[in-house]
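There is one chain below, alone, in structure tokens, taken in the form predicted alone.
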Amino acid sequence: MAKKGIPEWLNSSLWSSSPPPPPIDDRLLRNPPATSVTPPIVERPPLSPSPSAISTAPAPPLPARPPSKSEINDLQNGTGNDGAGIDSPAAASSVEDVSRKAQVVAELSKKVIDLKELRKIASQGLPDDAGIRSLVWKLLLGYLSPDRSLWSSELAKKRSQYKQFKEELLMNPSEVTRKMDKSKGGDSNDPKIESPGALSRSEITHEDHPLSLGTTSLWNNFFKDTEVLEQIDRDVMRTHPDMHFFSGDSAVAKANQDALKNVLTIFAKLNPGIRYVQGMNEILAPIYYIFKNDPDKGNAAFAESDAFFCFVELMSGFRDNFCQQLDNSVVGIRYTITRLSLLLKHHDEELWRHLEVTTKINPQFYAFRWITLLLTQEFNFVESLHIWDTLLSDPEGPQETLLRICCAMLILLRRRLLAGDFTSNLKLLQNYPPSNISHMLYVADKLRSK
């Protein structure tokens, strides 16, 4: 008999039966949960956890080399070089991945890519090798046109534009002044010039003076940015401390940190209404990682500029969640969390009532981080990439998909949540247990409005 208030498809024994003991999670071994849970008391909870609270996940393997034409043919024909048949255990376990890879490669090889078909394929997850995810994400985010013939000119234009942003927005006022003086054809032999590129005392205007408080003063604006730049620096330094790609003293890690800082700083300066908000680094990190590990060295060299434009595009759909002035509006984060609550009530009223009426758990206590950081802190890095494949590929937009996934996360824990009280349930939701990501995305898709 179906449970009252729950759709028929939710009565499947697949998740209504008693769950097996959860696997040991490295995060809990390193950071065991406290014996009691105190709900956040700040109106706007912090977006990023402290370094010790960030889940430890192994760094994903670097993408392999691009497949050769013969390998692509093998993929498209469903055969491999080792001669193993699809009935062998190893082939049977990976035949779905091979098939999906073949479909993606075939779609990307077209002169004009069918975005509708590409979204359909990508929604099930993308293969990790051959730079496929790098290219597909650029297409899904609108950075690249479906017409392959336009890629060269589009990339050249965007990369040149980003270079200009760096030159104009990352300079301190002294460098700006020197550049302006040089553009005017200043003569380094002019006795009025104390040193090459430097203005003499008499030529420094009031607005160019470091102590000027004028609204158009380069120095005044520069000092106002200092607090934001310090926040960016702190957040970037603690981005995925478990991954050598982002963390450590190696030249590679430092170069990647500098790239993240550049992108976030330029974004903040170009968007004065929102600037930088803690947690944006967690959204940028997966994009930059994927682009930097593109096996095409030419693309990898421009990972920073490509990541900037794709980050801007992704943020266009989520920026209102970061704007504190909009928190109580119909586009703000509180309303978004309310929509998640209503979505859960619509699909599983019994669970909704237990969480919000019986145990009185405010969904903001757990969903704020889920939504603002696009689930990057609830799952390990590799799983997050799989989730993002689905987020970016949904034609309804990532916001709607994200809410369905969050709702699915609650439903898949319904037996444990219905048996729990305020303390145990809040612990569970703030430290989401390891899950089958493919199954979670399947349930999320079932929540789609018909």
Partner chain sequence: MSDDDERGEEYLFKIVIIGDSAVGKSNLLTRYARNEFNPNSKATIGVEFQTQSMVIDGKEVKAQIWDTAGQERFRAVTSAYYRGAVGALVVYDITRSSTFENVGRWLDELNTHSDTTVAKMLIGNKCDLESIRAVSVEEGKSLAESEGLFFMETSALDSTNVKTAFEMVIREIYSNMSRKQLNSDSYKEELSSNRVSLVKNDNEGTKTFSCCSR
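What you see is a predicted model, and the numbers here were worked out from it, not measured in a lab. Positions refer to the first chain, counted from 1.
The same protein also has a form predicted together with the partner chain, omitted here; what follows describes it.
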### Query
Of the options Gln231, Asn293, Asn380, Ser123, which one has a non-hydrogen atom that comes within 4.5 Å of the partner chain in the predicted complex?
Gln231
### Partner-contacting position among Arg334, Lys345, Arg119, Lys158 - heavy atom within 4.5 Å of the partner chain in the predicted complex
Arg334
### Message
Within 4.5 Å of the partner chain in the predicted complex - does that hold for a heavy atom of every one of His240, Arg369 and Thr372?
### Response
yes
#### Entry: Any non-hydrogen atom of Asp421 within 4.5 angstroms of the partner chain in the predicted complex
yes
### Query
Can any non-hydrogen atom of Val277 be found within 4.5 angstroms of the partner chain in the predicted complex?
yes
### Message
in the predicted complex, is there a heavy atom of the partner chain that lies within 4.5 Å of any heavy atom of Ile113, even though the partner is absent here?
### Response
no
### Message
Taking the partner chain as it sits in the predicted complex, is Ser152 near enough to touch it, meaning that at least one heavy atom pair lies within 4.5 angstroms?
### Response
no
## Note on the structure
With a 4.5 Å heavy atom cut-off to the partner chain in the predicted complex, the contacting stretch among 263 to 271, 297 to 305, 142 to 150, 352 to 360 is 352 to 360
